[in-house]
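The chain below stands alone and is given as structure tokens, in the form predicted on its own.
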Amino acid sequence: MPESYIIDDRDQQLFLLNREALVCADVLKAEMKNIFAKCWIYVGHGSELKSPGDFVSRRVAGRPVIFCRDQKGEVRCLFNTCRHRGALVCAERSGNKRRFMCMYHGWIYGNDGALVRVPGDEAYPDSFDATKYGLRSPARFENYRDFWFMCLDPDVIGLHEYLGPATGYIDLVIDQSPSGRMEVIGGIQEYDVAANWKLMVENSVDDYHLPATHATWLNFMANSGVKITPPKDKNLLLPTHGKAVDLGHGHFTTDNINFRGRPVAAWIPLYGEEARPEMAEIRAELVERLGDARATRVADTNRNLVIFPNLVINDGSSVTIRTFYPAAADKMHVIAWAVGPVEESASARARRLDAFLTFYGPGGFATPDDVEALEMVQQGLANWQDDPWSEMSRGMAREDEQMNSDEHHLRTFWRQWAKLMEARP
């Protein structure tokens, strides 16, 4: 491996990425040790666990876990690994249970992780202490406004400090709800992409690709009556100005004036005339509760927020939580959820889900294009040994704030990634 994966020459305004970072199995092995075992990693949203006993089993950073609410109502994250011989103790994807039983030898655990039954326990010596064999949990497990994260490093800084200014962008999502309560809507989307997981980080905030990759969607919007005005500034590519914001610890976001409609509460012709009165009521509630400036911020701007290393909250046409994990150096597994206010009406929820599915969904306008683009990148990277550098200098010469179609936010990610990967014990 090279001593550094990036060339970051701010004097010469040059930023290059060594493509070995996107193809090498040894790099992935180092990422699991230096990044996924050291950073706060998203587990799930508390609304997935509405009642005591509710659980969801999933893999988080390659580890099988049970995300659950115990009988006392406490949210927990348990390693889905029997303390006896290591088998899974929960094979179901979701449900409601007071107990989890290992199918191999029948050890039974409560949904608080405690070991409650060992078949034939009389055969164990007196030194066997069942209280020491409950299911293990991550070293740290904390939440910010019901977004739950785990960390395997007991010495990591607290979640709130880790998120830093990113909490303000999460607050913008939650402010859509009159009660301050958002919920995961319905089911879950899962799909695999034959590309390195870091390419999805880049793609999630790369507005530079929008006119080329998503031309079909832009034409559809224009033909549907949405105002798509070409920018007068030749350095800008999108109908509205936006910026790229570094939020510290490798987090970053785009921050745009909306042009594509928002279920809360920016009407566009695609929503239909019948939606106008209700959306006006939603906006009026925002103004009354938040004031004009904050209501405008919530309703009329959108953003793609990345929480390092692999959580994206898209607050645009709808609100989407998306996370993705490496399955191999050239393959990732993607999980996505739609999120909305708990109070919204059936008609508002229908608009939100339609926007979610038609743009962000794996069968929508955007995601299939993005998946195709990322897989074509991965295929092209087969030449990395003879063509080893990716160029990411767009916007480095800009002295004022960085634009959403610059590559400032991509550089933000790669600087943090390189810092952690090159750290020495």
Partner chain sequence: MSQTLPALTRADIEDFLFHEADLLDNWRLADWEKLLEPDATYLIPPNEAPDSDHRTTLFTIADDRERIRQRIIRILDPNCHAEFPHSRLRRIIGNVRILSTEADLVHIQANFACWRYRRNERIREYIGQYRFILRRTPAGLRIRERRVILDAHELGSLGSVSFIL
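Residue numbers count along the first chain shown, from 1. As the structure is a prediction and not an experimental result, all values here were calculated from the model.
Another form, the form predicted together with its partner chain, is not on view; read the next lines as being about it.
Asp54, heavy atom within 4.5 angstroms of its partner chain in the predicted complex: Output for Asp54 is no: heavy atoms all beyond 4.5 Å of its partner chain.
Residue contact check: Tyr191 to its partner chain in the predicted complex, 4.5 Å heavy atom: Residue-level check for Tyr191: yes, a contact with its partner chain.
Contact of Trp40 with its partner chain in the predicted complex (heavy atom, 4.5 Å): Trp40: no contact with its partner chain in the predicted complex.
Ala350: touches its partner chain in the predicted complex, heavy atom cutoff 4.5 angstroms: Within the cut-off, so yes.
In the predicted complex, segment of 383-391, 363-371, 22-30, 63-71 with a heavy atom within 4.5 Å of its partner chain: Residues of 363-371 come within 4.5 Å of the partner.
Contacting member of Glu285, Asp246, Asp354, Asp300, with respect to its partner chain in the predicted complex [4.5 Å, heavy atom]: Going through each option in turn, the one that passes is Asp354.
Its partner chain: the contacting residue among Ile170, Leu88, Ile185, Ala327 in the predicted complex [heavy atom, 4.5 Å]: Looking at Ile170, Leu88, Ile185, Ala327 one by one, just Ile185 meets the 4.5 Å heavy-atom criterion.
Heavy atom within 4.5 Å of its partner chain in the predicted complex - qualifying residues of 374-391: Stretch hits, in order: Glu375, Met376, Gln379.
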